[in-house]
Ligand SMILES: Nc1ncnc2c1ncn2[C@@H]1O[C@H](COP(=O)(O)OP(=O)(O)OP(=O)(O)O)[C@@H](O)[C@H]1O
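There is one chain below, alone, in structure tokens, taken in the form predicted on its own.
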Amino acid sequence: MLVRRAYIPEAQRPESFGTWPYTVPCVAELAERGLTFTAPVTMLVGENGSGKSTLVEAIAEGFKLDSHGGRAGRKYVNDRPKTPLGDVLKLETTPIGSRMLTGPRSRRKGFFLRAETAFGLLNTVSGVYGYWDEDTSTMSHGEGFLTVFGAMFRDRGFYVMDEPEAALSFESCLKLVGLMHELGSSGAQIICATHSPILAATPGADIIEVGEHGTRRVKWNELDLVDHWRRYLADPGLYLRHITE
């Protein structure tokens, strides 16, 4: 592993939690006591608006990845400001992670894939040295995502993903599960925000459910997400009658 904990130093904590993003329960909890990582693969699971994207963006920035997405070690010429949480969040790293962050940029290994901005990024950097040779503009979104995974998610590095399932089919999600499991076993670290029960079932993953309660560690079969999908697939009418009637 490369990162043990994400936290906000006491001197940089807000005096009041009445402004965004500290009004989001999981962010307020992180500000108070931090968020620890206990496994090579961490899944953040929660509803829209729960704050999981806010967390992963800031964690990516803590590892010097751009919040809009991209690979580690790249020098961004437009000097985009950090997100409000990313501006104060710090990472407690392992010795390996510390050497990677404090050494030359060329030593940094990792990638942040953010579904909202990935489509533009794919077409912008296709064929650029250090990325991939394939022309993703000729591919479906799902094929493009799998190209990124195959080219960028290889070394023992720090990989952050925000809802990567957005463009993936069932079978493609299974391929990503296999890749994450393989990476985690190789010494890499993955932090993934997801709505997918398939991705959340990655073997050995530490699952953190994010919501009004803040964060809590749960088993896969205890997730509200999994319970809803089971009920819906067993009888869609139980849910749809409230929508269509």
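A quick note: this is a predicted structure, and the numbers were derived from the prediction, not measured. Residues carry their position along the shown sequence, with the first being 1.
What comes next is about the form predicted in complex with the named molecule, which is not displayed.
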Is there a non-hydrogen atom of Glu32 within 4.5 angstroms of a non-hydrogen atom of the named molecule in the predicted complex? no
Using a 4.5 Å heavy atom cut-off, state whether Thr54 contacts the named molecule in the predicted complex. yes
Should Trp20 be counted as a contact of the named molecule in the predicted complex, where contact means heavy atoms within 4.5 Å? yes
If you check in the predicted complex, is Val24 within 4.5 Å of the named molecule, heavy atoms only? yes
In terms of non-hydrogen atoms within 4.5 angstroms, which of the given stretches 216-224, 172-180, 44-52, 199-207 touches the named molecule in the predicted complex? 44-52
Across 148-182, the residues having a non-hydrogen atom within 4.5 Å of the named molecule in the predicted complex turn out to be Glu163
